[in-house]
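One chain comes next, on its own, written out as C-alpha cells in the form predicted alone.
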C-alpha cells in the first residue's frame, strides 16, 4: 500500500481581492502545481457546493479558504500565504508583484471596505 501525499486545496471566489492576493503568491512563488484550485463564480451552484463542503470545518465561511492538510481548514489570505511560504521556502516579502498588489491596488480597496463597515455601523 502506497501513501499518497496530501495536496492542499485552495478555494477562490471570482473577483475577490483577497483570493487574488493568494493566487498572486502561488503564481509568483511557482506553486500553482503544488495546490488544487477550486474556483467559483459568486451566486453559482459551485459556490453553494463549496460553502456546503467548507461549513462543517470553518466557524465562518469566507474566501479565500483552504484545506492545508487533511482535516485542517483556514479562511484568511495571510494565513494561507504563511502556510504556503513555510512549505515552499518562498518569502512573500521577496515577491515584487505580490508586494505591489498589496501596497498598491489592495490598500485602497481595504480602506474603502473599512469605511463601508464604519458607515454601516453608524447607520444601524
Ligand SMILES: N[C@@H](CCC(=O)N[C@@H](CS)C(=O)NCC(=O)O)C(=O)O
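Residue numbers count along the first chain shown, from 1. Nothing here was measured: the structure is a model prediction, and the numbers come from that model.
The form predicted in complex with the ligand is left out here; the points below concern that form.
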Does the ligand come within 4.5 Å of a heavy atom in each of 18, 51 and 64 in the predicted complex?
-> yes
Which residue, 39, 69, 36, 76, has a heavy atom that falls within 4.5 Å of the ligand in the predicted complex?
-> 76
Please run the contact check for residue 23 against the ligand in the predicted complex: heavy atoms, 4.5 angstroms, yes or no?
-> no
May I ask you to list the residues of 87-124 that have any heavy atom within 4.5 angstroms of the ligand in the predicted complex, in sequence order?
-> none
